[in-house]
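In the block that follows, a single chain appears as structure tokens, in the form predicted alone.
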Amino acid sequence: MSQTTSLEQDLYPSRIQDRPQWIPRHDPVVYGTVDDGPLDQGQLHFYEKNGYLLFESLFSAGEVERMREALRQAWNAYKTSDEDYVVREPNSDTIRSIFRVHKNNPVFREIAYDDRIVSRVRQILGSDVMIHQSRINYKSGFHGKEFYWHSDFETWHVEDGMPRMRALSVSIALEDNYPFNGPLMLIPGSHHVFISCVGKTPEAHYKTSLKKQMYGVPDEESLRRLVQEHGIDTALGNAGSVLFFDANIMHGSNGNITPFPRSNVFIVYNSVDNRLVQPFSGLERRPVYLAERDD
């Protein structure tokens, strides 16, 4: 794929019109074949059709506990930190996310390059990969807030300059995901269409959007139509389960008012053939902890 930093064609324009647009996907969903990795034909077909794959107990109980301990240590280390990559809940000092953990924490760096993950990612994306973003998410019992419906690619395209949809996210569950403690919800099949959003992106939008996103969220009528066509799937599973999901799939999660916490390690992989260009918003690049360019 030929790319430049200034002349890249915008195939997925968003936040520039006063009405949402439905744009058919221009990119493949699966680039590799059964010969390129551990996924079989049925799994590749399911991912292509639905936009996600869930693997139960990909990591052992011992490995999960090691990650939990690293998460607890990070929580304590950053409890009073004012670092930009430590994001807190709206109207609270409670930590919501800590970013760039694949660079700043040896446990999560090891996980990010684990072959059980990377071999599947390379197979789906059909190339070597780089890490676009990593973080640990906390959704504490009683107080964890929702993540509203969104396509990650919409933000990465507009605000980071990711040209195409040749990327995916991996979420490793560090707690059991029940139907009632705010698990991730996905609209299967929604990744086949790009929903443009309304509203011009403010400068330094990320400073507020990481707490509560106001721009780059789909309109309610589009969401209603997507759900009518495709329904909603919920990613349930025990601690150690791993969810792979397409960059453009519509997803979100409810708040958690139960005593059961929900925490996860979240890693975004981008094809090396899909390197970032200038943000399509025309604004300044987001910080490196949100959008790696030289990983």
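None of these values were measured; they are calculated from a predicted model. Start at 1 with the first residue shown and count on from there.
Keep in mind that the form predicted in complex with a further copy of the same chain is missing from the display, and what follows is about it.
With respect to a further copy of the same chain in the predicted bound form, the three residues Ile98, Asn137 and Val265 uniformly fall beyond 4.5 angstroms at the level of their nearest heavy atom.
Among the residues Val107, Met185, Val198, Ile117, the one placing a heavy atom within 4.5 Å of a further copy of the same chain in the predicted bound form is Met185. The partner is absent here, but in the predicted bound form a heavy atom of Val227, alone among Val227, Ala70, Ala239, Leu44, sits within 4.5 Å of a further copy of the same chain. Though the partner is left out of this view, Phe55 does not reach within 4.5 Å of a further copy of the same chain in the predicted bound form, counting heavy atoms only. Contact annotation for Tyr85: none of its heavy atoms lies within 4.5 Å of a further copy of the same chain in the predicted bound form.
The shortest heavy atom separation between Glu220 and a further copy of the same chain in the predicted bound form is within 4.5 Å.
Of the heavy atoms in Thr234, some are within 4.5 Å of a further copy of the same chain in the predicted bound form. Residues of just one listed stretch (62-70, 254-262, 27-35, 44-52) have heavy atoms within 4.5 Å of a further copy of the same chain in the predicted bound form: 254-262. Taking a further copy of the same chain as it sits in the predicted bound form, the stretch 170-198 comes within 4.5 angstroms of it through a non-hydrogen atom at Pro179, Phe180, Met185.
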